[in-house]
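Next up is one chain by itself, shown in structure tokens, the form predicted on its own.
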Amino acid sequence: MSDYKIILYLCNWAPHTAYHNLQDNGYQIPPEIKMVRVSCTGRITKALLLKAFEMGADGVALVGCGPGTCRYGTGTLNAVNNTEDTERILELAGIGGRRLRFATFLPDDTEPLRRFLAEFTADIKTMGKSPVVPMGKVPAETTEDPTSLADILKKHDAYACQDCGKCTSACPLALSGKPYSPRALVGAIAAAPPLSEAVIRDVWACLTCGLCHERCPSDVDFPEFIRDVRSWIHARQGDENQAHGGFFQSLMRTMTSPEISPGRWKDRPADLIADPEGKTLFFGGCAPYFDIFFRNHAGLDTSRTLFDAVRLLNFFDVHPRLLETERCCGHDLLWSGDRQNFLKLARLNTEMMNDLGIETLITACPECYRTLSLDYPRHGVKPAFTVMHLYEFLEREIDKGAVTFAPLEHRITYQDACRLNRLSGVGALPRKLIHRLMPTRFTEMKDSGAASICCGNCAWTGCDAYSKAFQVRRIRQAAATGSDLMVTSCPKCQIHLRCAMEDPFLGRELMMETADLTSVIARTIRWE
């Protein structure tokens, strides 16, 4: 019996008739193919395509109706776009884009369908087994997860909550109108298990932005508390509150497979200079995957930040090592409760970089910075290298006084990244760099610095209409400063705020140019 597994998502209309005719004529469907009958291939999202690989598929075929014959109008176009995007991500992640295929057939296309099934099966066998280790095939690892909610409450001293409500009065989610209260959530968890459905829903709605912790007179670290509660729930009943169908959680879990061979930097511009033997590593993060997944957002190009970061390092004669085999740091797995797979990624990344003798790791991503420098050691994974944010490096070099900046013909304001600002304590550094630039004007938003509000999502969980409402609020705050450029420091701020700007009902009211601080510095910095 073949040990290959090929998932065939088959449209219920034209191709299913052809498939049925094949069987009626005595054709034996290759045993590797497991057919899943679907109402329309346009309903098979990128998340479902990737999930099949996460669960152990060696190949996936999406077979639907031709353009102009789809019963749902745009089903074929959706299927084409979803397949193309997922193919590119599979290729980038080192799984293999050719393992995914899209084809269309009419009811009479019996022979073409037979040839397709035979040829695709042969192609997959030629490629060999998928490098992804199926979830559920690996024994559970022991983690330091607390065994009870009482342990988590005690660990974070949540019993010290004074029930004053200052957290709720500051929570941006509560202020957006959502019936949500950090104070009430702590109280409900402390009351006694089992947790109600409302409590579980709210645990994943929390933005973990840390503003409540900032205001708490008892110093209850609410983000860390929520993260541990999520881990406790995830280990017992999973998580159904993931945005985008759980695509990014699936992608991160596939990266825990040791045999995949990502090509993270293969599309980098030719002008970037890297040292393949260097001891200083630039860690890029997941921006290339975001750009493919969200390619329909106007002007989204978060990879540009990575390329500009390397250009800035080159500007100061640093030629960093770039690892094609770089994997996600695991931030979103940790903060969405999947601590077991976070630890797998942390160990893979750390062992790989330690073996290469990396001495200094520089990153421009707030989440990678926080995760690599703080969360890895806190979870028992000890990097043998120093972690530095790019802003620290730039401030040190610029402070030497050999550079200046071209005038920036923009009135700018700044959107803080929570992981860099409140959760890593590096909020002052980007402002110091901004003041070194020569903008027409720099104006802080109403809520800024220690009081800043986030971009509306945490680790791809809990995104809903309320998240959108306060993203709109944030953009309006930026516009109220009279600025024409919003500078950010996190790729996810770009994604979420640009998403809100595409609100079809508010139209151009929300449109505002955005750019990452790294890119702004890269395009204006000059030698004196």
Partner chain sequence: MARKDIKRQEVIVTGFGGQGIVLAGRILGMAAALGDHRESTLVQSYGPESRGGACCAQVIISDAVIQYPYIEAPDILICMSQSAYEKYRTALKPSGRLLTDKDLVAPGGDRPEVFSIPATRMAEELGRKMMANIIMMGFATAVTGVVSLDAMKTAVTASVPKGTEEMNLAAFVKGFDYGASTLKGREKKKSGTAGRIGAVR
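All figures in this text were calculated on a predicted structure; none of them were measured in a lab. Numbering follows the first chain given and starts at 1.
Although not depicted, the form predicted together with its partner chain is the subject of the following passage.
Stretch 401-409 is the answer when you ask which of 190-198, 174-182, 150-158, 401-409 has residues with heavy atoms within 4.5 Å of its partner chain in the predicted complex.
A heavy atom within 4.5 Å of its partner chain in the predicted complex is found for exactly one of E119, D108, D355, D271: D271. When you look in the predicted complex, the only residue of F316, F294, F385, Y72 with a non-hydrogen atom within 4.5 Å of its partner chain is F316.
A residue is said to contact a partner when one of its heavy atoms sits within 4.5 Å of a partner heavy atom; I7 fails this definition for its partner chain in the predicted complex, lying far away. Interface residue remark: L312 is counted as part of the site for its partner chain in the predicted complex, having a heavy atom within 4.5 Å. For K344, no non-hydrogen atom is located within 4.5 Å of its partner chain in the predicted complex, even though that partner is not displayed. Contact between R215 and its partner chain in the predicted complex is not found at the 4.5 Å heavy atom cutoff.
Taking a 4.5 Å heavy atom cutoff to its partner chain in the predicted complex, the contacting residues in 509-524 are A522, R523.
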